[in-house]
Structure formats: structure tokens, C-alpha cells
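In C-alpha cells, the next block holds one chain alone, the form predicted alone.
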Amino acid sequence: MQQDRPAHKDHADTDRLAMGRDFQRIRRFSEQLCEPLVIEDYGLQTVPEASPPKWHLAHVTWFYETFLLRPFLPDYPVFHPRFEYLFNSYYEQTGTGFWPRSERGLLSRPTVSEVYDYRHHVDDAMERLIATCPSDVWPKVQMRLGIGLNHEQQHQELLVTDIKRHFAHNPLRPAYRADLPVAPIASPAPLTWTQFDAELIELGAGPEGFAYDNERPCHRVFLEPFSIADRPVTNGEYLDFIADGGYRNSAFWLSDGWATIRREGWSCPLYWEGQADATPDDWRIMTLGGMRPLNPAEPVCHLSYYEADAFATWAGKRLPTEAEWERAASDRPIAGNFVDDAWLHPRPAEKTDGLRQLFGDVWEWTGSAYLPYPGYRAPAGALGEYNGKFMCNQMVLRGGSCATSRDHARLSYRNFFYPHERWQFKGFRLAETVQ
């Protein structure tokens, strides 16, 4: 007579099957994102911060090999002993060192074919690990696999934005995909506001479900009354800032921001082409679908924190804190324009009432520095380097973008970048304190 299986065993088996399916799906999507590329595209690195597609494909594979296969799969045969040096990004505690970030595009070898062979070698081994891992070890494997899958989804977004950065460097302005949909040229939806009363909120991720360590611990924050714009700032509104001399008036800028735009010669967002006195019809913008006319109704993007803050100062407003942003988004569904929708570009806001575009379209700069939450402790070991060691001199962004996977976005997600960086799909919405 067959005995009943313990309920926790059935639950563990279900989790294992689900994670196996997620692993296959996410690994497949990375390769699907590379299907429009030709072989010459895989090694491009036009700026230090944007890595070659070939490197991304190999690095996410290195992550599984380093943190899962080597420690947990007995007799795992390492694909190549030097890949642990070539495709480590910044993990010092692995003890292997890493190839300089700015020189990733100098590596003609391994070939693209060899990188795909590496991926398939690791995929086969990971499927064996997921299927055969002993039940007493599975919880630790499951935790690391969750990080690995989310890590690969982060690099899928980087694949998209880095390809755009590389293609924009080419005077031919090639399209990554010429078949991408295009929104009709339109005027922006009217800017409206939602007000929130003073209250004590809980900020951050709770104990259940996946979240990065920097989203925890959940803690209490008191908010004064504030209002937040119902949609992000648009291209059309940003054109008004440019036309009013926004890039020529130091009064709007933080000191570091003013020094940055003077040093870099910025006079408009990244990927815009036109003149400060041009009409909206004269501006063009580089997209993953090639060059297009600038659409005034689309959320402005590819902005530094400095530019977002300067616009807010010019407008007599400010950027929301991350606590204000999370409060505003807390009762909204995680729905919007994500990479799954295959626009790969921000879309105009719908002309409806209430808060819109909190998720997807553009990552939204907040006025909050990227710092640890009260009580935060970085995990021990190399995986503790994932987030904790970057908690200095960076700013928090929220909400996800048109290059983010829908099932990768969540309310508590804290993205972070240096204030001068622009190549991600970054925009912003305005806020103000209610007196």
C-alpha cells in the first residue's frame, strides 16, 4: 500500500518543476533577444559602461557555473578554466579576479559560437542539478537559483539598452528591429496630480517571495502630505525646458550637474538630434527601431539624475522620494509597457484619470540616495557583493522600463545608478510637498 507523501515534499517538488521551467524560459529569452544581431554586433563596446552582447551571454552563464554548479553538482566539468576570469563582473571574493570592464569589447575570443556552446553546456548541467539536487540541499540551491534567474533578467535589460547604445554610435543609425510598433504622433495628456495625506507606511519587501537583499528589511517611514504627478514628464514638456534655456542656466542645476553638462557638452537628452531652437517637428530620436521623429506625448527618457532634478527645479517642483513613489504605487497593479510587449520604447500615457505608467515604460529617478535600509546587513560571501558594496554615490530609480520583463518588476524593486548615467530607459515624474 502506497503511503501518502508529506505535503512539504509535494510543495518542494512543485517548486522545483516551476523553477526548472523558469530557468528554461529565461535562458531561451536571452538568446531570442540576440536573434536580430549579426555576428559583427556581438563584440561591440562603444562606451565602457555598455558591454558587448557576447559578454552578457557568457557572464550570466558564469553566474550559474560559479554559484550553483561548482558548489552543488558533484563532478561538474568546468567548460573552460579561464572563463571564470573573463566573465566575472566585479566579484572580488571569488578570488579569480576579472577582466577590465572597459576592455570587454577587445576580446575576439572566445568566439560567439563558443559562447553559445558554453551556455548549452551549463544549461544541461543546471537541468541535472535541478532534477537531482538532494532535498536537504535544495533550499540553498533554490535561493541561489532565484538570484541567478533575476540576475539574467537584469542582463536581458542591459542587452537591450547596450545594443541601443552601440547602434546609436554608428552614423548609419541601424535598427535593431525594423518591425517595432510606433505610436502615433500626439500631444501629451494633461498633467494632473494625486494627493496623499501624512501617514506612517511600511517601506520595502516583506519576508515572502523573491526580493534582492537591498529591498529588505521592511521598515516604517513617516510621510508628510505630498502630491505626485499622474504620469511621467513627456518629450513635449522637456522641449519647453530646452527652449527656455534650461541647459544654459546654472540656476536650475546642482553643482555637479552643471559641471557635468559643461564638460560633456550636453544640450538635450541622450539619443535626441536637433537644435535648441528647433520646433518639435525638427527633432529626431534614435530608437531600437532606428531614427524616428520625436513624439511629444512619449515619456522623456535617457536622462541623468542631474537633468531630471534640473527640470523639476525649473518647473518649481521636485522629484519624489522612493518612499513617496512606493506609497503612490502600492495599490496599483504591476502592469504597463514591458519588454514582453515588444515595443522596446516608451509609449504615450493613456488619456485617463489617475496614476499611470508607474510600472514599465521608463525607470523613474527619485530624490533618494541609494543607501541601506535600517537594519540591513549584506549577506556573507561573494553574493553579498551583489548590491551592498554599491550603496554610495548612487540614486534610486523605481518602476521598471520598456526593457524590463514583467515578472521581474515588483513594488519594492530598487534600481540604482550614478547620477550622470543616461543610457538606460530613465525618466521621471514630478512631486511636491503639500503645505
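Just so it is clear, the model here is predicted, and its values are computed rather than measured. Sequential numbering from 1, following the sequence displayed.
Not pictured, yet referred to below: the form predicted together with another copy of the chain.
Of the candidate stretches 284 to 292, 338 to 346, 145 to 153, 243 to 251, only 243 to 251 contains residues with a heavy atom within 4.5 Å of another copy of the chain in the model of the complex. Against another copy of the chain in the model of the complex, the set 171, 367 and 393 is in full contact: each member has a heavy atom within 4.5 Å. This chain appears without its partner; in the model of the complex, the one residue of 111, 187, 194, 330 with a heavy atom within 4.5 Å of another copy of the chain is 111. When another copy of the chain is considered in the model of the complex, only one residue from 305, 238, 363, 325 comes within 4.5 Å through any heavy atom, namely 305. Within this chain, residue 120 is remote from the site of another copy of the chain in the model of the complex, having no heavy atom within 4.5 Å. In the model of the complex, another copy of the chain stays beyond 4.5 Å of every heavy atom belonging to residue 134. Using a 4.5 angstroms limit between non-hydrogen atoms, residue 405 is distant from another copy of the chain in the model of the complex. Shown alone here, residue 416 lies farther than 4.5 Å from another copy of the chain in the model of the complex, counting heavy atoms only.
Contacts between stretch 196 to 219 and another copy of the chain, counted in the model of the complex as any heavy atom lying within 4.5 Å, involve 198, 200, 217, 219, listed in sequence order.
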